[in-house]
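Just the one chain here, laid out as C-alpha cells, in the form predicted on its own.
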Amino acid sequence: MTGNDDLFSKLIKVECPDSTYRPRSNPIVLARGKGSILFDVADKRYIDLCAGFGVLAFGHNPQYVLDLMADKGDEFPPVLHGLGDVYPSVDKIEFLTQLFAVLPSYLKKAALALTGSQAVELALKTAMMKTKKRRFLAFEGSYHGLDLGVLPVTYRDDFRAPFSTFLRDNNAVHLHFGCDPSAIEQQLKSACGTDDAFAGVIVEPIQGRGGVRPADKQWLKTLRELCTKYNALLIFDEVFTGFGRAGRISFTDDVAADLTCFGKAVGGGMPLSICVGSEDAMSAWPTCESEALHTGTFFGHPLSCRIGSATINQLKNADVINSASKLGESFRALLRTLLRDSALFVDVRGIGMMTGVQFSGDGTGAKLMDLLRVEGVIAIPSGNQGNVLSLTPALNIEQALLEEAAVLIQKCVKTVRQ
C-alpha cells in the first residue's frame, strides 16, 4: 500500500473538489481501526475523539457488529436488500419494534431513511402536510443538513448562498438560539391565520456543528407550549444527540416534540436515519396502497436495520450511557484544569459524551485540528467562527485514552499562533 500523500493525490485527481477536506500538509488516509484507535496507511496511530461525527457509539468494529457480519455458512443467509416500500424485510420490522421499545409511548410511527438530512426532510414534509403551511422557525447556529430541501432551515449563509436563486428566502426564519420566548411568540402570532403561518419550529436540543451549545430545558418546554398555542409542530433534530451521545436516548423523555429525527449512532456505523412522530402528526401521510409519496431504494435497508437493532440492544443497558456521561464529565473537568492558564481558552461545555472546547480567535478550532492530527489525535472544529474544538468520542472510550488526548490538546493549544 502506498503512503498517505500518494493515495491522497490519487483521490484529488478523481473526486469532486468539495467532497473531502484538503489539509495544507500532513494528509491522512485511514486504513484500519478498533475501538477508539485508528491507523493510517503509514501505520501511524491516532486517538479518535470524533467517532465518525458521533456515529460510532461503541467505536470502530465493535464485537457485536463483527459477529453480525461474520459468514455463518448458511445456505440462505438473511436478505441483503429488499423492496423497502413494497415488501418489508424481517430486519426492518425488528428494528422498528426495538426502536419504539426505548422511546416515549406517545411516539407511535416512524419513517426510515439513510441520512440525517433525509430524516429532517421527512419531518419538514410531515409538518407541511399536517398544517398545510410551508414556513419554519429555526435558530442561529442550527445545522439540519445540506440537502436542497432542508437548506433553508440550516443557518449558515455560506451553505445556502450558492443555491439562493432556487430557494425561497422567506421559507425559514432564524432567531437567536435560546432567545427570549417573546421573540418566538411574536413570529408565530404575527403569522398565525395567514398564508405565511409556520408549519413548525425545528431545534437541536444541543447544537452540534454550531459549537456544542445545549438548550435550556425550560426553554424547550416553552417551545412546546408556543407550538401548541399557534398550531405549529415542534420538531427535534436529535440526529447528533440521540441514542446515548447526550446521556440519554432522547430529549423527548422531557419535552413532547411532535416529531423527532434520529441518525448517526442509531445505525451502529451503517447509514440509517429515522423521523419519528406522534400518531396525530404522522397521520398526515396517506396509506400507501400504490406508490409511496416519500421513499428511496435503500430506505429500511436490511443490513442497516439489523445492525441498528443490535445497537439499540447494546444501548438498553443503562450502565453504558450512565458510565459514558460520568466519563464525559471527568474529561471536561480535566480539560478545564489543563487549559485554564491559556490566554486562548474560553470555555468547556457539553453533556454526556459530547464536549465543545471554545477558544478566542476565529478559526482556532480548525488550527487545533491540524496540529492534533500531527500529534495523533482526530478532532474537528465547530461553531460559526470555527473557534470550538468538537469532541465526540465513542461512549466506551478508555479513560486512559481521554487523558492522553487531553494532554496532547494542552500541548497543541500552547503552540497555536493567532
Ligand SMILES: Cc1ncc(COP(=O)(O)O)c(C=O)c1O
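In case it trips you up, residue 1 is the first one in the sequence shown, and so on. Computed from a predicted structure; not experimentally measured.
The next section is about a form of this same protein that is not shown, the form predicted in complex with this ligand.
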query: The single option of S117, T252, S89, T126 touching this ligand in the predicted complex, heavy atom within 4.5 Å; finding: S117
query: Listed residue (V212, L259, C305, V239) with a non-hydrogen atom within 4.5 angstroms of this ligand in the predicted complex; finding: V239
query: This ligand contact in the predicted complex: G300, any heavy atom under 4.5 Å; finding: no
query: This ligand contact at Y143 in the predicted complex, heavy atom, 4.5 Å; finding: yes
query: Partner contact for K264 in the predicted complex: this ligand, 4.5 angstroms, heavy atom; finding: yes
query: Which of 281 to 289, 108 to 116, 340 to 348, 89 to 97 lines the interface with this ligand in the predicted complex (heavy atom within 4.5 Å); finding: 108 to 116
query: Heavy atom within 4.5 Å of this ligand in the predicted complex - qualifying residues of 44 to 65; finding: none
